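Read the single chain below, which is given as structure tokens and is the form predicted on its own.
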């Protein structure tokens, strides 16, 4: 149900302007500027990367099931483009609270959630086992960086491990008790302690009568909820805050874009950077749009005049579409696709408020 609701919400927000494949790339967390820009423009950033192990076959199967159920219908002759039926609109309204949509902060925690969860899992396993003087156990993860981090933490708290474990329990309980019992229970049943191994996705699916997709999404949603709560009131959660503190809290620009940024700061032109790096000019354009999305003080005026920016925004409001082709056909011919994408990137907050 949750996965179906996410697909339907994405289709609704995209408003027939993107194919279903864009939804697949979004929930998979594809690291392309187009996917990330779409996440911002269509207010779908919360879903970015929340189902990284999803296969295209599985996604298409869900899509077909939604069509068969009368919740989605194709848009004219456009291949892969869908819209909601009246039945789907009513379905979303009736199931909104059950879809857990407010849990997700995908773009914000895409680079943090998995490492945080693995650290938490292994730390709990280590502290509960060593408390019982049981030092030979199979770690729940073989991630080298996570194992190293837990070993370092354990050395620091070796003389106060029982107190640390109690504090961690209190912090987790105080957050999880705010959630519906079923969601909190799914999360707790995934944890491993002394002589108590966490349930697998399939075992959780059987126990709670949920699809494997929904189990994964509930776990991801609860992790995002934990992270957002910790970030909001980190003083209330010293142990959990310590687990998070050196992890990236947001998707960072790609390494390639950072190289382009460095060259731009040295006053190389786009054409020179393209030649120096043996990359297409359009690739350099992609990097600049990526920088515009993440740099708070990005100087967009260096690439498009203020008057032209205002023209793009005016057209955007008039055509009521985020399709680049629709906007391009309505602005001055001197304004390029690259410039339009830049305006969309730097105005993403304004655009999302007006959608």
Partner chain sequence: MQQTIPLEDYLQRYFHFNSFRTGQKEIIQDVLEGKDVLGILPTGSGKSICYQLPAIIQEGTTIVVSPLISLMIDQVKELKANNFKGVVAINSFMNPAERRTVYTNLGSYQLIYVSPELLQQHELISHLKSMTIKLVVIDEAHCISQWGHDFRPDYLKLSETLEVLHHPTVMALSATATPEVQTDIIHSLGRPNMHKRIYPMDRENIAFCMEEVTDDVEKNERIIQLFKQFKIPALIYFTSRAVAEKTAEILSTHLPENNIAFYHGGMEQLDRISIQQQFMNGQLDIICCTSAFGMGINKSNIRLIVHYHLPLQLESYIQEVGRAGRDGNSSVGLLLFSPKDLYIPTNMIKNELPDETDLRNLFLYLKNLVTQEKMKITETNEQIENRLQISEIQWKFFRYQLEKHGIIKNNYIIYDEEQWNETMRLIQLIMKNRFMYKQEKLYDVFNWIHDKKCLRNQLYRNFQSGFRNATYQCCSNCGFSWNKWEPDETETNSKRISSWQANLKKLLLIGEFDETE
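Residue numbers count along the first chain shown, from 1. Since we're looking at a predicted model, the values are computed, not measured. Basically, rigid core = biggest C-alpha set you can superpose within 1.5 Å across the two forms.
Separately, the form predicted together with the partner chain exists; it is not shown, and the next lines address it.
Trainee: Quick one: is residue 145 in contact with the partner chain in the model of the complex, heavy atoms, 4.5 Å cut-off?
Mentor: Heavy-atom contact with the partner chain at 4.5 Å: present for residue 145.
Trainee: Does residue 234 make contact with the partner chain in the model of the complex, using a 4.5 Å heavy atom cut-off?
Mentor: So residue 234 does not count as contacting the partner chain.
Trainee: Decide whether residue 196 counts as a contact residue for the partner chain in the model of the complex under a heavy atom distance cut-off of 4.5 Å.
Mentor: Yes, contact at 4.5 Å.
Trainee: Can you check whether residue 139 is within 4.5 Å of the partner chain in the model of the complex, heavy atom basis?
Mentor: Residue 139: yes, in contact with the partner chain in the model of the complex.
Trainee: Only one of 222-230, 67-75, 118-126, 101-109 has heavy atoms within 4.5 Å of the partner chain in the model of the complex; I'd like to know which.
Mentor: Among the candidates, contact is made by 118-126.
Trainee: Though the partner chain is not shown, can you say which of 154, 242, 268, 169 has a heavy atom within 4.5 Å of it in the model of the complex?
Mentor: When the partner chain is considered in the model of the complex, the option within 4.5 Å is 169.
Trainee: So which of 184, 247, 281, 89 gets a non-hydrogen atom within 4.5 Å of the partner chain in the model of the complex?
Mentor: Contact check passes for 184.
Trainee: Please state whether all three residues 263, 337 and 341 have a non-hydrogen atom within 4.5 angstroms of the partner chain in the model of the complex.
Mentor: The answer is no: none of the three residues contacts the partner (heavy atom, 4.5 Å cut-off).
Trainee: Looking at the partner chain in the model of the complex, which residues in 175-190 have at least one heavy atom within 4.5 Å of it?
Mentor: Those in contact are 176, 177, 181, 184, 185, 188, 189, 190.
Trainee: Superposing on the rigid core, does the Cα of residue 155 end up 2 Å or more away between the shown form and the other one?
Mentor: Comparing forms between the shown form and the other one, the residue 155 CA shifts below 2 Å.
Trainee: After a rigid core superposition, would you say the CA of residue 200 moves by 2 angstroms or more between the shown form and the other one, or not?
Mentor: No; that C-alpha moves by less than 2 Å between the shown form and the other one.
Trainee: Once you overlay the rigid core, does the Cα of residue 278 travel 2 Å or further between the shown form and the other one?
Mentor: The answer is yes; the displacement is at least 2 Å.
Trainee: Quick one: residue 283 and residue 56 C-alpha atoms, closer or farther in the model of the complex compared with this form (3 angstroms or more)?
Mentor: Nearer in the model of the complex, by 3 Å or more.
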